[in-house]
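Encoded as structure tokens, the following chain is the form predicted alone, with no partner shown.
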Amino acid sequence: MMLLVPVVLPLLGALVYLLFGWRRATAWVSAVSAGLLLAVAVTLAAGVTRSGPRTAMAGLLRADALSAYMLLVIAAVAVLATAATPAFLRTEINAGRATARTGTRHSLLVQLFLAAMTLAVLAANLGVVWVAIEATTIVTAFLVGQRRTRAAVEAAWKYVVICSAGIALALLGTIVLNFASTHAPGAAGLDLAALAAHADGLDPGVTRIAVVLLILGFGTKAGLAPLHAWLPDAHSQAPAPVSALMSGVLLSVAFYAILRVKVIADGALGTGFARAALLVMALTSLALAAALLIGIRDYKRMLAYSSIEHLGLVAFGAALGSPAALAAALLHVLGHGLAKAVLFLGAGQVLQLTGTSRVDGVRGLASRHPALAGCFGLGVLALVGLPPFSLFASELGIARAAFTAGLAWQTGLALVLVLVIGAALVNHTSRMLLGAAHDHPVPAASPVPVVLLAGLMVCAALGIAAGPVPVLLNSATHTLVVTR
């Protein structure tokens, strides 16, 4: 039953909004659902760490340490996003940009979004993982186009077309991998644990084709180059809480699927094949983000391109494949999710305050709204990897593991690109926070610095003293390391 609860909880929340709509009495249902999800995730993580993997529904659902960790990431970011949603929606309704019906549709879709993501990380079958990730595309397409402006609708269609192309590649890869499993020892099928256990019996040629298709397909949804073009448009046009969820966890859930595929690829083809593919995608993503962030003019797009950078770093760590590198990459997933949720929620507040998403349209935010400006500035510092935030520890861990693995020039190039990206982020953010304040005709919204501060504090705490998280990370990395 413990494995069913994370999927059922958000579905019950969606049912509440379907029956009663969004109103004062139901405004916090999403946040309560996310809080309960976090409690279940913590309980499940403790149980899995103590007694090993669990299964349910005749083996269709399975939770090991990696699944439990990803569930924690989803729940933690969901708590931040849903806690900020009531104030965000009230401001939109008061400004005439939304109605109670919009709030109902938004909250219902967010709950379905959470249910699909939890199913993706708890599914024991690669086919079910594919279905769940495709479901996130369908649900979030309506959220991206929620404002129904020309730019929002265009971004939603671009998101659907590109991600559908990517997910079609992943479907083809899934079918090819299933074909390979029918000609290998053990039970045929797409059970992830069985495929990993019998990977050495898979036909190398067929498996190589399947792995390429799966990495490209799920990499599209993770925002990795070359099929990344949907990400800046979708994240910049989606409502702030949705952008926080998409950047903070949706990209990571898609990359979770790549991690599962990599275990199979390493067992069937050796560690070199998946490593080469991920290194190329990682460095290309970092170079692309660096080039585009230098002259960026929209601060929500700035945060979106930063997501491409950080998923590139996660891909770089995953490519190394050592326990230290994988632990650092997984820690980076959590740190990035928290920091990016804070920043997108803060960006939503800035947009409501100023009425513009242009960097040059926001000046002197620190003098007019110091609490919001402070949270936004600290969030950017966390994002560029300054201590004490956990992104510093995770980036340092990835770099150390890469030098240890002998990838000197690749690591040097990655570090240079990260420095360029960090300088661009700090430059654009300082222009927004400092200087003479602009007079904006838009009425001031009510920032939610408590939510933003909570996210920053957790991110900093993980960088100083991670508590029991290293135990879970250690168990999770063991599920991803293949010894041959």
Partner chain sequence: MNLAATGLACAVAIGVLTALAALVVPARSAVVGVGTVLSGAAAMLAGCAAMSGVSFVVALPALLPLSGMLFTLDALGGLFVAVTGAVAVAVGVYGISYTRAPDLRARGVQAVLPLFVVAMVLVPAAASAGAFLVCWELMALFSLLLVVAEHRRRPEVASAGRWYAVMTHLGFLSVLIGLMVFVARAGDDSFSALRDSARHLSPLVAGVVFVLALLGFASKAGIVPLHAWLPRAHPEAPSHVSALMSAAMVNLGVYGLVRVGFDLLGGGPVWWWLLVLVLGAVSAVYGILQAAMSTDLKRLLGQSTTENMGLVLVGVGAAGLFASSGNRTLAGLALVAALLHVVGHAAFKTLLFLAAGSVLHATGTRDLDELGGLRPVMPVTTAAFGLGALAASALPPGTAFVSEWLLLQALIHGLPASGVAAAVAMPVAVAAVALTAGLAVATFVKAFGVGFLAKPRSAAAAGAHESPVTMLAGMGIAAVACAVLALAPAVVLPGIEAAARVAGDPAVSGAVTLRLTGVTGALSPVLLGLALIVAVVALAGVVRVVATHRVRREARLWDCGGGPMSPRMEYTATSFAEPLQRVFDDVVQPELDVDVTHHEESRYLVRAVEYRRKVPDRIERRLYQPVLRFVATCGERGRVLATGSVHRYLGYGFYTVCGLLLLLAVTR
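Computed from a predicted model, the values in this text were never measured in an experiment. Residue numbers count along the first chain shown, from 1.
There is also a form predicted together with the partner chain; it is not shown, and the following applies to it.
Q: Given that the partner is absent here, does residue 58 sit within 4.5 Å of the partner chain in the predicted complex, heavy atoms only?
A: Residue-level check for residue 58: no, no contact with the partner chain.
Q: If we define contact as a non-hydrogen atom of the residue within 4.5 angstroms of the partner, is residue 465 a contact of the partner chain in the predicted complex?
A: Close contact exists here: in the predicted complex, residue 465 approaches the partner chain to within 4.5 Å, heavy atoms only.
Q: According to a 4.5 angstroms non-hydrogen atom cut-off, is residue 396 in contact with the partner chain in the predicted complex?
A: Yes, residue 396 is a contact residue.
Q: Hey, in the predicted complex, does residue 194 get a heavy atom within 4.5 angstroms of the partner chain?
A: Contact check for residue 194: no, nothing within 4.5 Å of the partner chain in the predicted complex.
Q: To verify the annotation, which of these, 292, 283, 372, 93, has a non-hydrogen atom within 4.5 Å of the partner chain in the predicted complex?
A: Contact check passes for 292.
Q: Spell it out for me: taking the partner chain in the predicted complex, does every residue among 165, 400 and 419 have a heavy atom no farther than 4.5 Å from it?
A: Yes, the whole trio is in contact, each within 4.5 Å by some heavy atom.
Q: Just one of 27-35, 424-432, 63-71, 42-50 has residues with a heavy atom within 4.5 Å of the partner chain in the predicted complex, so point it out.
A: Residues of 424-432 come within 4.5 Å of the partner.
Q: Quick one: which residues from 193-208 get a non-hydrogen atom within 4.5 Å of the partner chain in the predicted complex?
A: Just 208.
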